[in-house]
Ligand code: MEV
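First, one chain by itself in structure tokens, the form predicted on its own.
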Amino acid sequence: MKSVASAPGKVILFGEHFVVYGIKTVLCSIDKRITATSQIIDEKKIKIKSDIGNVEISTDSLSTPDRSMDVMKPFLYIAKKALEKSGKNVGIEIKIDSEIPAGIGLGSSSACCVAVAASVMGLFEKLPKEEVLKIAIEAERTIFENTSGADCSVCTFGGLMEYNMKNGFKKINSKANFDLVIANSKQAHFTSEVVENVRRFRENNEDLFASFCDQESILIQNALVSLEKNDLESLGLLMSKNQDLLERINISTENLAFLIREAKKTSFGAKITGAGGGGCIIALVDKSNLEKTLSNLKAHSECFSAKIDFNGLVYTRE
């Protein structure tokens, strides 16, 4: 028997960085997925095959994996938890297939954790999404200790979501009809470094940063209204205003700024998604300007279009 689960990637529409300081963030899952296929094997080993590498480790060594396996720690954690919970003395083979490029702010690590948690745990017992989410967040914290859980939440439940550190996530009941063009700057970035730079900016500019938080909060309140109405012109304008704030906390780069200027020529609005310092930008479009925006950005970057995924985690047995 094979246990198969897939989870969507995500983008952040509003609130990145400011969420750490109490402001809401607005996320949506996208129709690019990561699929995990698991099966029980006779060998007492955990075998993982993926685009980011392959791992083979004895089940007896799961508590003390070699440092060379750090990138696989979330999946080894899940396998260990599944074996302990089931009480089975078996091995597990996990294959991970991705439509989401890694390391560019589209939630690939979170989607991986959600898909692998559902797939591996499902070999022994199909868990409700709430339980899968809990395990996925625990797994992701083996490499990102301070992760909020927002990314895993939207990858699990899909659709549009608002999130804050105090109250957790809340689904946004909107069937907003828009597309996104996602362009990759191909500029390497390290999330931890960008987050630390924002923290230092806040320490050195407390009053200014507080005013940015107030502005961001108002932007998000207005964005939630625009999403409910599917008012793309208003939503795009708010995204561009959000980008102005992100530039003022110094997380943009010349490459990102250039792509955003190009995107705004044909889209409703554009901004960084994720940590910044590199990674991707998103441009808000619909059928009227999708092809124009794709054509324009393809002249300058690697890009693709995406829709909102309203399904979230999908699980099957084969």
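Note that residue numbering begins at 1 and tracks the sequence as displayed. Think of the rigid core as the biggest set of C-alphas that the two forms share within 1.5 Å after superposition. Small disclaimer: the values here were computed from a predicted structure and weren't measured.
Although it is not shown, the form predicted in complex with (R)-mevalonate is what the next lines describe.
From the list 216 to 224, 78 to 86, 111 to 119, 140 to 148, the contact stretch for (R)-mevalonate in the model of the complex under a 4.5 Å heavy atom rule is 140 to 148. Using a 4.5 angstroms limit between non-hydrogen atoms, residue 174 is distant from (R)-mevalonate in the model of the complex. Contact between residue 191 and (R)-mevalonate in the model of the complex is found at the 4.5 Å heavy atom cutoff. Contact between residue 278 and (R)-mevalonate in the model of the complex is not found at the 4.5 Å heavy atom cutoff. In the model of the complex, no heavy atom of residue 294 sits within 4.5 Å of (R)-mevalonate. For the options 127, 245, 195, 102, the one in contact with (R)-mevalonate in the model of the complex, meaning a heavy atom within 4.5 Å, is 195.
Exactly one listed residue, out of 308, 303, 19, 13, brings a non-hydrogen atom to within 4.5 Å of (R)-mevalonate in the model of the complex: 19.
Residue 294: CA moves less than 2 Å between the shown form and the other one after rigid-core fitting. For residue 209, a C-alpha deviation of 2 angstroms or more is recorded between the shown form and the other one after rigid-core alignment. Core-aligned CA deviation for residue 304 between the shown form and the other one: less than 2 Å.
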